[in-house]
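In the block that follows, a single chain appears as structure tokens, in the form predicted on its own.
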């Protein structure tokens, strides 16, 4: 009976991953084709194949530029950011044993926004802005982690409280920066950054963070079994031979790198790391070995659909976090009601 159940779970996992991969590939083609400048699926495939094989595509130069220089980098970035935020959410929720924790709760998003805002005030280029955003997120998380160590109370609860304090302080600093920014130019740029944007993504931007995010994702995937152990609680994890402090720190560092890299690419995008892990759990259960790959695929698919909608449903492109918030907030309320009923 146990072996049969194991085969059924494996079949379900393969089926879910296969369906998600097919859906993702389909949406990628659709996303390349739709927009102000229409591209047919045949032209899309010709241009991509021509770029891969280094042969002429036979399409108009304008079509090649739109596909290769504008839409493909944006599509790849949205899939990468959605996958990384979702995996980060799985990791944070597992290590802190709290299903309502989001990837930015350690202050990484607020710190990254401060870094980006300072770069915008200094009129730095996009590359420097991304670097400052990344450094700001890492500094914020470092402060969050050092507070429990300084007061000698290095527990999960204290780390969460430190994240809340650092996030609140960072939000205040960001508010002061907005107050001093030039309302004609700088304030708009800072505000748009805090709402998420894939408009100006270039392939070099993706390549600059891909190695770091790839390593962090692989480490979390390889440690997914230990993440299940940590989800049982510290005492249970220690009884199974886990080095709780080391595993927790590795998980936090990797999840933070995924979140910081995502914010560095596209600004602050809310709700994805909270909503997608829960949707994935409803399909494949809480086992992190199955949950991480499914969350990555579902997060990439979700983010790509949202980004495609934000640039096509209106005359003016909508910031990404507006649409993710419209989806995520009702789902969060549903989670609260569901958890209350489960605890009743």
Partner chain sequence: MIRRARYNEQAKITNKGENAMKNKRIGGRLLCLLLVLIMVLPAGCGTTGEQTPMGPTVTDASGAVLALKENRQELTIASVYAVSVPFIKALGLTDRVKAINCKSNFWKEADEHLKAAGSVGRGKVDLEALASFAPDVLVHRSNDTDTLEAVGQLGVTLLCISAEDMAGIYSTLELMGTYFGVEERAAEVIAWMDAKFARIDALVADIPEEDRKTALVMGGELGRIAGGDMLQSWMIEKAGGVCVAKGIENNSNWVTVGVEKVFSMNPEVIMCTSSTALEYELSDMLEGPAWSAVEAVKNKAVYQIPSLKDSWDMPGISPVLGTMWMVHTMYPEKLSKAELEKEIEEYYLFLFGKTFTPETLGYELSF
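Numbering follows the first chain given and starts at 1. Please read all numbers here as calculations on a predicted model, not as lab measurements.
The form predicted in complex with the partner chain is left out here; the points below concern that form.
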| item | value |
| --- | --- |
| In the model of the complex, the one of 153, 202, 172, 245 near the partner chain [non-hydrogen atom within 4.5 angstroms] | 202 |
| In the model of the complex, segment of 139-147, 105-113, 160-168, 121-129 with a heavy atom within 4.5 Å of the partner chain | 121-129 |
| In the model of the complex, residue 311 touching the partner chain (heavy atom, 4.5 Å) | yes |
| Contact flag, residue 35 vs the partner chain in the model of the complex, heavy atom cut 4.5 Å | yes |
| Exercise: residue 315 in contact with the partner chain in the model of the complex, heavy atom 4.5 Å | yes |
| Any non-hydrogen atom of residue 69 within 4.5 angstroms of the partner chain in the model of the complex | yes |
| Any residue of 180-195 that, in the model of the complex, places a heavy atom within 4.5 Å of the partner chain | 182, 183, 185, 192 |
